[in-house]
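Before any questions on how it binds or moves, here is one chain, the form predicted on its own, in structure tokens.
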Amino acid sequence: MKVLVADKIHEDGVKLLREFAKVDVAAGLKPAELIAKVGGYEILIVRSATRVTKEVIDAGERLKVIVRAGVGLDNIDVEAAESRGIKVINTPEAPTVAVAELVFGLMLAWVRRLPEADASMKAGKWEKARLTGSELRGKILGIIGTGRIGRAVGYKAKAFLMDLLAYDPVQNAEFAERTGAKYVDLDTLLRESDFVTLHVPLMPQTRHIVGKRELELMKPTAVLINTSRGGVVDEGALVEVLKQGKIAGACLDVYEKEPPVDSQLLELPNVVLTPHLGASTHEAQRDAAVFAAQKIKEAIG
């Protein structure tokens, strides 16, 4: 078996792959270069940077498995792959802890005004009184999507003594029992939550699941958190409600266009922004690569 690794993955995953396959690492290929190269491989591994289009799949005459070393499959034409009988695999379990911890990093940065405090100190100021914050304790956290990451966020929220609301078409009884989370409809969650955090994949039915109507249901003191995919939030509507003060703020790690060059979000004072860092921990990167290698080994038998 020949494996083409088209995006950089952790070396531990590459080592494991080399135990049972011939591996070529060629990160940063342009679309035309990938199309020209992929024909010689049975297995293609990507992360988020490389788009596996129908043209790439058609050129991969020998492809048997396509792997996304990470969450989601929105950069892979799954329909085109499956029509050819090609297995499509991802590793959604790898970044669970990393993303859940980032959610709390963002929330704590918001409630304790950490970006402001850091900038103030570096400007030579001591603004202790002005930077009085608030606590997560007793706040209502609304979780949209209770898959692996959504549940991990909920379990951590209990340690912060937060109350939980959840929305998911598929309810998880064990999660509700362990955390005390109450499953409600989306509108109720938006109206009642102090923080709303999104943990859904990007697909046609979730695109702009939070749009202008949904944002205007939120409390004026509420904060939106998105560490899933930029397209699940209508960014234009979000900018509008933030400017108008209809919600207090937003903490964002993902954007409809990445990087968000020229986005008005960059100009707003009531946002905390990070550059798609959700899975960017050493542990998550290693896990994604190792899990990908293990799943490939299982898939090829």
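Numbering starts at 1 and follows the sequence shown. Just so it is clear, the structure is predicted and the values come from calculations on it, not from any experiment.
Below, we refer to the form predicted in complex with ligand NAD, which is not included among the displayed structures.
This chain is displayed alone, yet in the model of the complex one of V200, L114, V97, V88 has a heavy atom within 4.5 Å of ligand NAD; that residue is V200. Scanning I225, V71, I76, L164 against ligand NAD in the model of the complex with a 4.5 Å heavy atom cut-off leaves one residue, V71.
Highlighted residues G142, G211 and V241: none comes within 4.5 Å of ligand NAD in the model of the complex, counting any heavy atom. Just one listed stretch, out of 134 to 142, 88 to 96, 120 to 128, 153 to 161, contacts ligand NAD in the model of the complex at the 4.5 Å heavy atom level, and that stretch is 88 to 96.
In the model of the complex, ligand NAD lies farther than 4.5 Å from every heavy atom of T179.
Contact annotation for H276: at least one heavy atom lies within 4.5 Å of ligand NAD in the model of the complex. In the model of the complex, ligand NAD stays beyond 4.5 Å of every heavy atom belonging to S193.
Heavy atoms of K219 never reach within 4.5 Å of ligand NAD in the model of the complex, leaving it off the interface. Residues I144, G145, T146, G147, R148, I149, G150 are the members of 139 to 163 with a non-hydrogen atom no more than 4.5 angstroms from ligand NAD in the model of the complex.
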